[in-house]
Each structure stands twice: as C-alpha cells, then as structure tokens.
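Single chain ahead, by itself, as structure tokens, in the form predicted on its own.
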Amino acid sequence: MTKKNRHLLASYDLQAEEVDFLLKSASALKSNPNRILEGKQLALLFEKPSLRTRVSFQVAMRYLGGETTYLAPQEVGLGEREAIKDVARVLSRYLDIIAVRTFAQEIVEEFAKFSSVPVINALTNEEHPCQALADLFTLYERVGTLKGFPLAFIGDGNNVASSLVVTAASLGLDVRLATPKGYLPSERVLNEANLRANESGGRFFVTDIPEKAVEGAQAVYTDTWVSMGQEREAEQRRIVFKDYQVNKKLLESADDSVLVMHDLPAHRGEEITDEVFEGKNSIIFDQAENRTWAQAAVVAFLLGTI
C-alpha cells in the first residue's frame, strides 16, 4: 500500500482504505511497539510552537527505534534566511523523512515539491491531517466499526475541522459540521467531504445551528475559536462564536453517552466549559496520547516499513 517518496500534505492525500489501514496499524503499534524504524531519521522542521506534535513525534520515533532532529524557526528561516527549495534539498540528503509545521499550506507544498524524501504536514493554516488520524483512531479504540457513527464538530471551520471532516467522511461516518456563516472550510474541503461521504455510504451535513449538528451525536468535537495567527481577530471571533460553545445545555441534544473531543490547547470558558472538558465522557487526553501512535503509523507507512 506504500509508495516511495509519498507525502502526507493534506487529508485528501489518503484514500479510505489507507485511512483504515493507518488506524489498524496505529492500534497494532500501540499494543506491540517494535523497532521497525531502526536507523531511520526524522526531522521536525517547526516554524510554529508545539507541545503535543513535537513530543508525540519524538516519542513515536523512539518507541520504533528511530531518531529525531528538531529544527526551530530561528535555525532555518524558511524562505527568509534560505530558500524553501534549498532547505528541502539539503535536508533530503541527511534524513529519511521530514515533518513540517508551518503557517501556510503553500510552504509545505513547495517544500515537498523539492524534497526527495517523504514530507508530513505537521500543521498548516489549512490542514492538520495527523490530528484527524489520531482523533479517528481514538474513536476506533472506543467503538470499533466507525461506519455510520454520528460525529459533530462545533465551531470554526479551521485546519482541524477541514482534516477531520474529509478523513471521517472517507470512513463512512455521519459527519455534522456546525459553524457560523463565513467561517466554513474551503470549497475544496466541503466538496471533498461530500464526495467521500457519497463514496463510503456516509453522510456529511453542514449547518449554522449547533443543536442540529449535535442531535443524536455520539461524539462532539470542538476546537479553539482563535487559532495561531488570528490573535487580532480574537475579540470579534468571541462574539461570532458565542453560541457555539460546547456546554452541558448543548449536549442535552446529543446521545446520553456522548464522547467529548478537543485537540488542545483548550480555552476553557470559551469554546468549551470546564464542566464538560473535565466530565466523565471526555476523551480529550486519549486523543492527545494517540497522536504518538497515529504518527508512528504515518511515518512507518510513508517509509514503507509497514
């Protein structure tokens, strides 16, 4: 199922059978870590700060016998100190695989164009494919078969939402997205999610009414209203999204055993209340833990060791 020098730059880079394969591989690696990446070198080229992404990649490589090299923004200066294409070609000579966490999708795409080794999108303004895989792996651990599973995302149609709806639609989930008018994901993401839902026998539903999305949902997901780089919009966004808070009242419309999800960091009292965040149905820290195993599977998949 693997191809040499294959990249993971966006959620639509993976077909449904590949997503399924990665979830099962993550489960197998979590149950029985082995040194399938012995001698392999991963670079973490990060222009944005990170807690979970950096540590989970490092731990994943260590579990599987590989090594990581972390490169901070001031050490590289993509497109400023040195041309993106030059950095890509240099690092390709030293390393086996590279994860890039940057501001613009165009940067990771240009980087991959000139890289002779696989490139992973570790977050851009448009996509966060590794997060979506970790999220679905977390649900897979809990419920097994995901086809038809009702999952609602409430809030901003940001990079996390974009990757989640496409990846979930690929597996045939009943995906509901509630976001204010003007804050939807791109047309490309919406079209891809609809296409994949039709192909998988799933459902993709968009609304600006959170209660409609949450009705009967077995998992409700939210994310920050103000992503990195949007700080100047913070006050306006808090006004726009005030009715999109995941709280006890909103969850009354969901399934009685609804699972609560958030990719972190969370702003308690804004997109989610502390009561819900800390509630018995929260699987937020399971999601954080599973970043390690989803990313371990991605690295091994792209390097052809699984």
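As the structure is a computational prediction, the values presented were derived from the model and not from experiment. Numbers for residues come from their place in the sequence shown, where the first is 1.
Omitted here: the form predicted together with a small molecule. The next part is about that form.
### Message
Is it the case in the predicted complex that Lys40, Glu67 and Thr305 each bring at least one heavy atom within 4.5 Å of the small molecule?
### Response
Zero of three within 4.5 Å in the predicted complex.
### Query
Does the 4.5 Å heavy atom contact test between Lys30 and the small molecule in the predicted complex come out positive?
Lys30: no contact with the small molecule in the predicted complex.
### Message
Taking any heavy atom pair closer than or equal to 4.5 Å as contact, tell me whether Glu271 reaches the small molecule in the predicted complex.
### Response
Result no; Glu271 lies far from the small molecule in the predicted complex.
### Query
Looking in the predicted complex, any heavy atom of Arg196 within 4.5 Å of the small molecule?
Arg196: no, not in contact with the small molecule in the predicted complex.
### 4.5 Å heavy atom contact, Gln131 and the small molecule in the predicted complex
The answer is yes: Gln131 has a heavy atom within 4.5 Å of the small molecule.
#### Entry: Asn247, Ser50, Asn281, Gln58 - the one with a heavy atom within 4.5 Å of the small molecule in the predicted complex
If I apply the 4.5 Å criterion carefully, the residue I get is Ser50.
### Query
Counting only heavy atoms and a 4.5 Å cutoff, which of 236 to 244, 22 to 30, 58 to 66, 256 to 264 contacts the small molecule in the predicted complex?
Answer to the contact question: 256 to 264.
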